[in-house]
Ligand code: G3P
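As structure tokens, one chain now follows by itself in the form predicted alone.
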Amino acid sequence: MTIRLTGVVLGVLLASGGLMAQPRKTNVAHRGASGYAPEHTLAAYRLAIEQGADFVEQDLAVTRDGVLICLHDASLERTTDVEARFPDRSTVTTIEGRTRTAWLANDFTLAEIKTLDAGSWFSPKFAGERIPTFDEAVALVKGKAGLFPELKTPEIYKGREVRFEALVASALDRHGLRGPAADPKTPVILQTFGEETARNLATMKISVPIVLLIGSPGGWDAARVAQWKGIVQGFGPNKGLLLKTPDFVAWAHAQGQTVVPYTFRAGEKGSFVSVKAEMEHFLYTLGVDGVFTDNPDQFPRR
């Protein structure tokens, strides 16, 4: 398997091999510049690039007709007007352990989803923004920044004949984003909370770095981190895990794996005077390799 390493991953591997390296810290725009524009819209992605993001994140979902779209939730109601446009299309379903009424994206075709307003919930000035396809996101970002797609809530597709990992691999191939001839100006890192999905991506030799996302702050030690060597090239922990267990960074680096925690956003109450100061602590005191932030313009580059 050939994995095209980003500067961050390569820097950590060099350091773990005893060579001196100062890898560039990575500024990942969380759902785009989502502190200033509606998440997962082309407006948010465009602004993230303007604000100097190294990578732009896309959460991926699958439509009923098998198209990858950029959407954080498995359902559409939080960030669109789907309830008003399709009031009779909801279902009662369980998402991430919670049973509720929802308008699942996978129950709608791309044509139907493209009628939805994905901007007004954030601000009237973004009225008419649409949910982009992954292809549209790639077209905007390619050559300007890296792509950091997440295979979101893969468990909801069980029994739905959705081959999530294969759809992502096909999209990367379609755009020349993996393998020896991949576009060097557009690095790709895939991420997922699904341990089975991470293993599937490794088994199919996806040929781009894989990051395992971690939500719960408990249950991690050096041995558990080491078990993922050769499967994933990095971890994306909830930042609370690192505050509770700062040694996690050293454990991962010892295995040649990166650590890029989430999510850093302005306005959150905490012990830091600003989101910039918070990111600075994680980057330069705890030694993480990058951060996911809603405010890429506040990234403290040194």
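The model shown is predicted, which means the values in this text are computed figures rather than measured ones. For every residue, the number given is its place in the sequence shown, counted from 1.
What follows is about the form predicted together with SN-glycerol-3-phosphate (G3P), which we do not show.
- This chain is displayed alone, yet in the predicted complex one of 157, 220, 193, 121 has a heavy atom within 4.5 Å of SN-glycerol-3-phosphate (G3P); that residue is 193.
- Distance criterion of 4.5 Å from any heavy atom to SN-glycerol-3-phosphate (G3P) in the predicted complex singles out 213 from the list 116, 137, 213, 171.
- Of the heavy atoms in residue 152, some are within 4.5 Å of SN-glycerol-3-phosphate (G3P) in the predicted complex.
- Although the partner is absent here, residue 72 is a contact residue: one of its heavy atoms lies within 4.5 angstroms of SN-glycerol-3-phosphate (G3P) in the predicted complex.
- Contact between residue 282 and SN-glycerol-3-phosphate (G3P) in the predicted complex is not found at the 4.5 Å heavy atom cutoff.
- Though the partner is left out of this view, residue 262 does reach within 4.5 Å of SN-glycerol-3-phosphate (G3P) in the predicted complex, counting heavy atoms only.
- Judged by heavy atoms within 4.5 Å of SN-glycerol-3-phosphate (G3P) in the predicted complex, the contact stretch among the candidates 47 to 55, 61 to 69, 27 to 35, 243 to 251 is 27 to 35.
- Of all the residues from 117 to 133, none has a non-hydrogen atom no more than 4.5 Å from SN-glycerol-3-phosphate (G3P) in the predicted complex.
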